[in-house]
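Only one chain is shown below, in structure tokens, and it's the form predicted on its own.
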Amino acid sequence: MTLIPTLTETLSRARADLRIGLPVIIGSQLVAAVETLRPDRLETIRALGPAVLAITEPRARTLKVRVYDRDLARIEVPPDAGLAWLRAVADPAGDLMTPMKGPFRSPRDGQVDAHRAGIALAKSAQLLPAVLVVPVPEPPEGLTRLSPGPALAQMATEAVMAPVADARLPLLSAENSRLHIFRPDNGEAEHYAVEIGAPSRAKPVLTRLHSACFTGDVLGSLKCDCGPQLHAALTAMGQAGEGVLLYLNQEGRGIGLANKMRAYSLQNQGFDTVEANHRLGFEDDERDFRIGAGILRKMGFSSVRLMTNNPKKVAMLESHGISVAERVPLITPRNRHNTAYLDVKAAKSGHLL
């Protein structure tokens, strides 16, 4: 029986299936991610019975769709609707060109746990949070199967971080440094910890929780303050002779690089960061900072001096057993490309700038 996949492993398999365009079975429903669905598979799915498109409440609000299920809305898929229609509802790229997409019909009754689990899976796969759902009393063989309740509960559970490898890695800001790799048990991306010097586990350590930003950290994008914050934190730790920088692979506030580029495209249309995320169907911030607390605990730290402008990070660490002895501001220079972005951070996300 040890060769049978656990629920966590089955969820990882289901996430991969959605990314490559395969549907999964959740309860008695067949669920497919709209973003990766192929036309031939759509035709096969539509032949199984009446379909609904499940989208999140923020996306529904944008489209003026009635929301009867709190955090999501269901839309009856018209008989003549094809993949282009589904993707136009799921993806806001063309909203300004074709703002009137309805009329939409939204069912009121019935269970929605399978729809909710499907959206959660799509989000964790870093796909647009829109899924096609069809009842299937006799599910096709060979597809990954999940029960909606246990799947939702497991996806809400904090991942367990396992140390994989570490090695000395001299940096420009601090030659006495080590890079630690941590792998979560849910099959998602690995996360990293840069340990500078030999910080004591008995006192608060200077710490930065930094979310990956390919555009800012690697390319030097001027649209955000991520790159300057990363280098300022490493420099401060190097000057102090010790510190821990956690590099968490949660690009674009947890929505992934592809969706982050979609958000940037919406920002070019005049929407701010939060508005763009909502139009895509995401929350303001989809990151899970419990990951940072878990890594710190694995490394033996229980108290930090946290380099952040985000009070939510402080509250999260405190609520997960990491004492924050001090919040250390991390203010970097503004430029004409990121001023509006920083203003939104302060006004809508509560950052202390």
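Residues carry their position along the shown sequence, with the first being 1. All values derive from a computational prediction rather than experimental measurement.
The form predicted in complex with a small molecule is left out here; the points below concern that form.
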Contact flag, K313 vs the small molecule in the predicted complex, heavy atom cut 4.5 Å: yes
Non-hydrogen atom contact R334 with the small molecule in the predicted complex at 4.5 angstroms: no
4.5 Å heavy atom contact, Y264 and the small molecule in the predicted complex: yes
4.5 Å heavy atom contact, R290 to the small molecule in the predicted complex: no
Contacting member of H191, R279, K260, K123, with respect to the small molecule in the predicted complex [4.5 Å, heavy atom]: K260
Option touching the small molecule, based on a heavy atom within 4.5 Å in the predicted complex, out of A114, C213, L132, M161: C213
Region of this chain that lies against the small molecule in the predicted complex, out of 163-171, 82-90, 205-213, 232-240 [heavy atom, 4.5 Å]: 205-213
